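Quick heads-up: it's one chain on its own, the form predicted on its own, in structure tokens.
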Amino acid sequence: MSATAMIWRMASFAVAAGFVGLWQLIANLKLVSPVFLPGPDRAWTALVRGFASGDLASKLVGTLEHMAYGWLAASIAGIALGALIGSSRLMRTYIAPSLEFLRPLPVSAIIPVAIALFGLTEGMALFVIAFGAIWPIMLATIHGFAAVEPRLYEVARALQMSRPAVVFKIALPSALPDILAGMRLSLTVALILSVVCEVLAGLDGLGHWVLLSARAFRSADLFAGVILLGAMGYVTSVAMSLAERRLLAWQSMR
């Protein structure tokens, strides 16, 4: 890491520490009732206590499972459909209108349909998460495949490459930056929808923990859950960035 990057990283941590200090000051001065706003010390104590008892760890695992399964389903379906549509002008002509009809639908409008089909079950959560997370991946994949340099296809024809070889050796590597960007965005969507489904369906996860804490006025537990959700989002984003950097290392070698 360069010196400049290190300075910016330290500055970002200093800003975060400043916000935590301001939060602690407001809590100590009781500018907001402690019933609604605990200090970061109380939130940290609740976080440690939750992990010590095992309750918070099980909720964390539940949310991770909901997010991961929904995101993986969306990734597989989104990349497959996006590759199919993006590599065929005929498919874009016939399927694009249907996509434009479904894409603007808010996920909140799909949730009642999912509940009617699956009930308040894990299957409902998987359907809702996959539906919401598929669009960034599929649209990015369509754009990536449609934007492949035409001369590369001319080279493939000259070499008499098979259709699968063209897809996996030319189109997919060329579209990979767009695909990974879509997957990174959909990961955040999957986390948000996981929490929403846990709140609505009472599924085991951090969303349910936060809901029960709010109803019982356990503000420290509530903030502990919110902090853990933020940490989850940050860690998964960093992990996706590292994977993206490794998979796209060939770009820096060109």
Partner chain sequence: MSLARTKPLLLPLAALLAFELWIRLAHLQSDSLAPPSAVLAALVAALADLTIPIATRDTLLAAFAGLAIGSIIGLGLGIAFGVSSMLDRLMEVTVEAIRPIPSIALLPIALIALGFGYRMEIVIVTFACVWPMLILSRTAVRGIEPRLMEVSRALRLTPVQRTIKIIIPAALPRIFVAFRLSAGIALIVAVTVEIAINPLGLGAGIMLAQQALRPDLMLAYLVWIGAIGYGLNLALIVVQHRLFGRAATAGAGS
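Positions refer to the first chain, counted from 1. Remember, it's a predicted structure, so these values are computed and weren't measured experimentally. Between two forms, the rigid core is defined as the largest C-alpha subset superposing within 1.5 Å.
What comes next is about the form predicted in complex with its partner chain, which is not displayed.
- Listed residues 203, 229, 43, 56 were compared with its partner chain in the model of the complex; 229 is the one with a heavy atom within 4.5 Å.
- Contact with its partner chain in the model of the complex, defined as a heavy atom within 4.5 Å, holds for exactly one of 26, 192, 61, 68, namely 192.
- Residue 94 belongs to the set of residues with a heavy atom inside 4.5 Å of its partner chain in the model of the complex.
- Put simply, residue 159 is far from its partner chain in the model of the complex: not one heavy atom of it is within 4.5 Å.
- Using a 4.5 angstroms limit between non-hydrogen atoms, residue 9 touches its partner chain in the model of the complex.
- Within 4.5 Å of any heavy atom of its partner chain in the model of the complex lies no heavy atom of residue 164.
- From the list 86-94, 146-154, 170-178, 73-81, the contact stretch for its partner chain in the model of the complex under a 4.5 Å heavy atom rule is 86-94.
- Counting a residue when any of its non-hydrogen atoms is within 4.5 Å of its partner chain in the model of the complex, the hits in 96-116 run 97, 98, 101, 103, 104, 105, 106, 108, 109, 110, 111, 112, 113, 115, 116.
- Once both forms are fitted on their core, the CA shift for residue 235 between the shown form and the other one remains under 2 Å.
- Relative to this form, in the model of the complex the C-alpha atoms of residue 177 and residue 100 approach one another by 3 angstroms or more.
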